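Let's start with one chain on its own, the form predicted alone, as structure tokens.
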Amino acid sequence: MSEPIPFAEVGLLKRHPQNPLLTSADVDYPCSLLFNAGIAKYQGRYVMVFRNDFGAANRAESMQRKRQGLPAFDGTDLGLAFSADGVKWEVQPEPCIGLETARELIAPLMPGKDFGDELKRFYDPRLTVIEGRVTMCFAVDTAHGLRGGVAVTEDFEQWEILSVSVPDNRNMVLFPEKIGGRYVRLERPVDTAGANRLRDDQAMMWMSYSPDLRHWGDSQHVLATESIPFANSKMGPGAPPIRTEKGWLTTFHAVWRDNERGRNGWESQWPKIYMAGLMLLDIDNPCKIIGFCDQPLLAPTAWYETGNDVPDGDPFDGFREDVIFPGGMLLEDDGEVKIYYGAADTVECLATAHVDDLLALCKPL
């Protein structure tokens, strides 16, 4: 059982009563954990591309593998689901991108590589509809570092990968329109190798620009851990931003680390708490923060986020306890904002609020 978290969320968002909306039980092909999805509205329906870790018969087996020093899962692919209302989802019968497909797609951008060894994992999708196409940011683990990339599709069957970053960069999200004639993305570069690390495993949020979604530059720093009252370990982008009358409203993930928390879940120690934050960016100069909420927008409190007080008979057993990771944010015509998030690195969930109330949380800077 995890210990109480040290931060209270703002209490504005309403968790959907049907949470978790999607679990491994909703998938017909091998699936152990379903989480950290990208969500968009496209061609009259909601679409979700989710991360699927598979290979363990159940969560207990994956945890046992980890205790033995073995990989928790056989692999990761990207699943696909559609919905008419954004709540009830129909998972498609096969993954939309598996590892072998990912290797084929990325090969033209990495000539001369043996992809049997180079590309290890393709995961963490984030969806943005830009100029009539779905654009997906993703992460890839390679033999020479963690990289982030951009892919596009119009039908979720045919994909083209446009760009892949240098290591180590991930958690990329795209703005839904050009700003000043260029595409814009938030991203989280981090020194995973340890050299010149600022402290702990700190990561920061940056912004880059592109004329064509292929070439990226003019990078600028946006936000760092030391500026967030409820983060002391790392932070980075969450869901792609949404346009409002007051600016670009966007979430971010923030991590608090407490090495005294003791045993949590399957690990001898899980010291981290993942939370969702909220800020407002200038509409014409999005690297400028004009509003900020100094409390977590969402902090782990529900049983499917904390791993505590699981209902009798429910098979849920959080792979990572005390984790909330926002990956999708949609503004409806009536002003409702849907925020989709992965919980406990195990399931996909939904919380909602009115856009005006969210904007009111972002105090002017």
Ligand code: BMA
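A residue's number is simply how far along the shown sequence it sits, counting from 1. As the structure is a prediction and not an experimental result, all values here were calculated from the model.
Absent from the display: the form predicted in complex with this ligand. The rest refers to it.
Task: in the predicted bound form, segment of 270 to 278, 291 to 299, 244 to 252, 212 to 220 with a heavy atom within 4.5 Å of this ligand - done: Single hit among the candidates: 270 to 278.
Open item on the list: Can you work out which of 256, 206, 123, 175 has a heavy atom no more than 4.5 Å from this ligand in the predicted bound form?
Closed with: Selected option: 123.
Task: Contact assignment for this ligand in the predicted bound form, among 34, 339, 323, 48, heavy atom within 4.5 Å - done: Spelling it out, the residue with a heavy atom inside the cut-off is 323.
Open item on the list: Can you tell me if residue 170 lies within 4.5 angstroms of this ligand in the predicted bound form, counting non-hydrogen atoms only?
Closed with: Yes, contact at 4.5 Å.
Task: Exercise: residue 147 in contact with this ligand in the predicted bound form, heavy atom 4.5 Å - done: Judged by the heavy-atom cut-off of 4.5 Å, residue 147 is well away from this ligand in the predicted bound form.
Open item on the list: If we define contact as a non-hydrogen atom of the residue within 4.5 angstroms of the partner, is residue 234 a contact of this ligand in the predicted bound form?
Closed with: Residue 234: contacts this ligand in the predicted bound form.
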